[in-house]
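As structure tokens, the next two blocks hold two forms of the same chain, structure 1 and structure 2.
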Structure 1
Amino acid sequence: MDAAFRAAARLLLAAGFGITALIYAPVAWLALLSVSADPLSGWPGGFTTSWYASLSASLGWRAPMLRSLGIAGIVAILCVLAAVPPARAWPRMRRGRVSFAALILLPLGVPGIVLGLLVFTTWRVLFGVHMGAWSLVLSHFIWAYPFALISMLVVTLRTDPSLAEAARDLGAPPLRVLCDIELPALMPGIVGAGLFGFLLSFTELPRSIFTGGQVQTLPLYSFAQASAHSSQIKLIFCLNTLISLASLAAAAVLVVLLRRRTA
């Protein structure tokens, strides 16, 4: 029994590494194709950087890119501002923890495209409000906030509350305690919450399909180009290779920050 269990566990662990590799195979292929002469053939070869040159000359992706950056920046700031107070109060909360957490996590229990449709129906059809950048920001916030809150909680639950108490006992005013003691201790969580807000908004697609209205974000632009077999598609390869590299770097920062706190 135990020998069979051990063999099965080892096999499945190998499968786990295999699936992790499966995530990156298309990304690596994308990067290879982005420096190939004919990316759409699906075969790398005739290596060239000319697509990157046309990317820097092309204009179509710039407006969606700037728009996505702006929206993601606002969502990141909102996430940090809304995640810090409840995460600070959490260790001292006597009741209401479970219902608060349930309320925040509930929207994650609905597929993004269904949530997008429901948010759209509520605002557009029932209230008659037009969709635009504001609804993108709000729908992205609903998506990213639970993740931002969790990454703040990872930090606040492991921070020693006696440090702030000691500062208070020594006569420091509340603002001083916040700026000099609590914020530096919370910094990894703040960076984590901001990164989650920024990156989840920057790559969000299913909700944006409904809440974007006429406003096109970068993932909407990529998806439209990818489904329409447009001539811009070769530039999408380059653009997304660059974005993937940046995402990997950001993920590395996030992991190192949060793991240093929890180790």
Structure 2
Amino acid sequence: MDAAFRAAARLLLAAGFGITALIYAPVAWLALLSVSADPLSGWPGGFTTSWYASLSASLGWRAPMLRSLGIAGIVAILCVLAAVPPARAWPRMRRGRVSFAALILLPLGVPGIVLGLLVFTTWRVLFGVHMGAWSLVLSHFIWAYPFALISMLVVTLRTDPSLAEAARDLGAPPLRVLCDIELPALMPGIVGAGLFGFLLSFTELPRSIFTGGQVQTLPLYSFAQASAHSSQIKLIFCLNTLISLASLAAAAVLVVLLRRRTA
């Protein structure tokens, strides 16, 4: 019996490593192609760093990059501000938890292209809002907010509410309780909500196609260059490699923070 359990554990461990390899293999392959002489062939070879030199000298991607960073930063702030209050109230709720969770998580079941089209038709046709930077912020926020809230709930549901109650019983004012007790305890969730909002917005494409209007973000720029088979397409390999590495580094920071909080 013990041998069967050990064999099952080894099988599950091997499956876990296999799934992890499937996740990270495309990133590694993309990095190899970015230093290949002919990345469009799909096979690495004739390694060179000339594409990275050309990328640093190119100017076309910089404005979309800055625009994406600005939009992602706004979405991150909105996700934090919108996720903290309901996450704090969630542990105190006695009724309606399931309905509230279903309402918040509903956008996750809507395909990105459909959600982008809904935002486009609703805000442009019904309210006369022109598509641009703020419509991008709106669509990205709708997409990222459920993930931000889940990140906050992971922390708030594990936080001992008796600490804040004890501080109030001892006469601490609400602002002091919030700043000295609740915010330090919630900080991993706040960082996680911000990172989810930033990363999901920064790499968002399907919703941006419908809600971007004349505003071009970095994913839209990469998509346009790849679709047109322009001379910049080889630089897209380098650019996406750098973005992937930065995203993985940010995700690693999030994992470390959550691990410290739950240890």
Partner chain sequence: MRRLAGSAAPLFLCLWVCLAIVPLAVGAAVSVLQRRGLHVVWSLTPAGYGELAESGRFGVVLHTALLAGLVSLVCLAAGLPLAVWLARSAKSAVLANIVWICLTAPFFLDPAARTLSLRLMLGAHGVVNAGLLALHVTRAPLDWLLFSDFAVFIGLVGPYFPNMVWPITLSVLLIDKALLEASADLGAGPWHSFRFTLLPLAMPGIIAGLVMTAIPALGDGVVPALLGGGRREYLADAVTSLSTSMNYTAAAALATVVMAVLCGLCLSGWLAWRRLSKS
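Remember, predicted model here, so these are calculated numbers, not experimental data. For the two forms, the rigid core is made up of the largest set of C-alpha atoms that agree within 1.5 Å on superposition. Structure 1 provides the reference sequence; residues are numbered from 1 along it.
The form predicted alone is represented by structure 2; structure 1 is the other form. L13 shows a C-alpha shift of 2 Å or greater between the two structures [criterion: core-superposed Cα displacement of 2 Å].
Core-superposed comparison between the two structures: the CA of G171 stays below a 2 Å shift. For S41, the Cα coordinates differ by 2 angstroms or more between the two structures after the core has been superposed. Per-residue C-alpha deviation between the two structures, core superposed: V125, 2.3 Å.
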